[in-house]
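In the block that follows, a single chain appears as structure tokens, in the form predicted on its own.
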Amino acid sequence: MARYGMVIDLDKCTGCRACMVACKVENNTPQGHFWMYVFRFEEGEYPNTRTWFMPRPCMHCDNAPCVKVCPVGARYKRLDGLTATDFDRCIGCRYCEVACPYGVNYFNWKKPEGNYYLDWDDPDLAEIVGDEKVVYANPDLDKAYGPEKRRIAGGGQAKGVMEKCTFCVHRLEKGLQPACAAICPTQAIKFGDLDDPESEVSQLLREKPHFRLLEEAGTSPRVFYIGQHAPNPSVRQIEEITVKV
């Protein structure tokens, strides 16, 4: 059984945000939900400044606080290490959102049909779409995965449930890479089996210094960063996440 993990090279990330777009399209996430987010940082004083970027998916922690607090077992760890959410079981208590130190959880406030980015019944669109309903749908997102056969893929599935990055579980089951890793133009995002010494992620972790976010919290994240140094108090974050509800 693979033990999946991700390595992100901060020296290669240019902040293009292709990973954010790929994640949103692949998982059909609701408006304002960004399971992958790219933070922008700036260091130094003008004119001696330096800008760099940090992609942040779910950390899929081995010691995941969100799993511990879920009262109904909707948030759980798969055998391959993915931290998954069974939206058929989720009751929307949002304990996982509070417990997570990384801010990766999103509450789905609307029914699926209310999460489209366009109102396809808008008369202004009639001349363009006619009788067609141009709504993105991926049948793989409705399937059940894993030996437990639980529905854990995709976003916007139901109102009143918690959602987050799944490492594109529906792609992994087909032997594909997560959408963010597959689309990255600079190959800054690498994904693979941490238990396979020959995998690219294992080789990178052997060869390069690395760190994980909030290691002091004891969450044991499966997302590792290489390249630039870890954020420090002198770093000024100049872009914040905006969540539309």
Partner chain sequence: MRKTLSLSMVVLGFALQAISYFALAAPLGTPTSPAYADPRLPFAPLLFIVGVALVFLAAVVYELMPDKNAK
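Numbering follows the first chain given and starts at 1. Computed from a predicted structure; not experimentally measured.
Although not depicted, the form predicted in complex with the partner chain is the subject of the following passage.
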>> I'd like to know whether L205 contacts the partner chain in the predicted complex, with contact meaning heavy atoms within 4.5 angstroms.
In response: no
>> Please tell me whether any heavy atom belonging to D142 falls inside 4.5 Å of a heavy atom of the partner chain, as the geometry stands in the predicted complex.
In response: no
> With a 4.5 Å heavy atom cut-off, would you call D195 a contact of the partner chain in the predicted complex?
Replying inline: no
>> Is it the case that G73, even though its partner is missing from this view, gets within 4.5 Å of the partner chain in the predicted complex, heavy atoms only?
In response: yes
> Which residues from 73-89 come close to the partner chain in the predicted complex, meaning a heavy atom within 4.5 Å?
Replying inline: G73, Y76, K77, R78, L79, R89
